[in-house]
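Shown below, as structure tokens, is a lone chain in the form predicted alone; questions about how it binds or moves come after it.
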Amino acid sequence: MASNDLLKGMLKPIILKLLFEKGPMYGYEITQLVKEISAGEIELTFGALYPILHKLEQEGIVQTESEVINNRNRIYYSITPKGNSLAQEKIAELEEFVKTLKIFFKPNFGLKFSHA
């Protein structure tokens, strides 16, 4: 399972990508999809998820819509038009960062070192 330190900066782009590609989702649905897609490697807690969603909502990147299901209020989160362009930007930024990280984890960075 990925450590919290590794995940900290990745959660916002992950959440944006899911909302961008899947459309409106509620909190529990997001946590379960992250777990499923990552084969259990990423377990997104509500304590990590909701502060990000609330911040994104305050920034006008996501919007909420309430629906009552089985006498319970379910809040769905979806990306706003402003959020669509930001989501695409963050997804591209993260993809480029991952590509760069892969370079560092190749044996010897693809370089030949002299141990003289």
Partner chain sequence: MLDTTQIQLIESDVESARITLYNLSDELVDHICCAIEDQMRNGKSFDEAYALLKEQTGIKVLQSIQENTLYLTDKKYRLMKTTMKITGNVALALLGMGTVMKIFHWPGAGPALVLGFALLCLFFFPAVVYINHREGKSKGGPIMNFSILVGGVGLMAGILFKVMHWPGASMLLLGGWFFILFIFLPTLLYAKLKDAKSGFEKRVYVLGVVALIIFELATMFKMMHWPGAGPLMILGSLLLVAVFLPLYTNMRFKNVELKTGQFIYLITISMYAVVLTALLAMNVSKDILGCFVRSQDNGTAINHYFEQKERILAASNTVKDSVVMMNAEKIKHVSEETAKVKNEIQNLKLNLVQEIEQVDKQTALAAISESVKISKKDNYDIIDHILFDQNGNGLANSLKGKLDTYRELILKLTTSNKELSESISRILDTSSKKNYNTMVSWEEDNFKHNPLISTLALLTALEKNVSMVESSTIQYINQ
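It should be emphasised that the depicted structure is a prediction, and the values quoted were computed from it without experimental measurement. Positions refer to the first chain, counted from 1.
Another form, the form predicted in complex with its partner chain, is not on view; read the next lines as being about it.
- Every residue in Tyr28, His54 and Ile75 with a non-hydrogen atom within 4.5 Å of its partner chain in the model of the complex? Answer is yes for this spot.
- Does its partner chain get within 4.5 angstroms of any non-hydrogen atom of Thr64 in the model of the complex? Thr64: yes, in contact with its partner chain in the model of the complex.
- Query: Does Gln88 reach its partner chain in the model of the complex if we count a contact as any heavy atom within 4.5 Å?
  - Reply: Answer no; every heavy atom of Gln88 is more than 4.5 Å from its partner chain in the model of the complex.
- Message: Can you tell me if Gly47 lies within 4.5 angstroms of its partner chain in the model of the complex, counting non-hydrogen atoms only?
- Response: Yes.
- Task: Give a yes or no for Ser38: in the model of the complex, does one of its heavy atoms lie within 4.5 Å of a heavy atom belonging to its partner chain?
- Result: Answer no; every heavy atom of Ser38 is more than 4.5 Å from its partner chain in the model of the complex.
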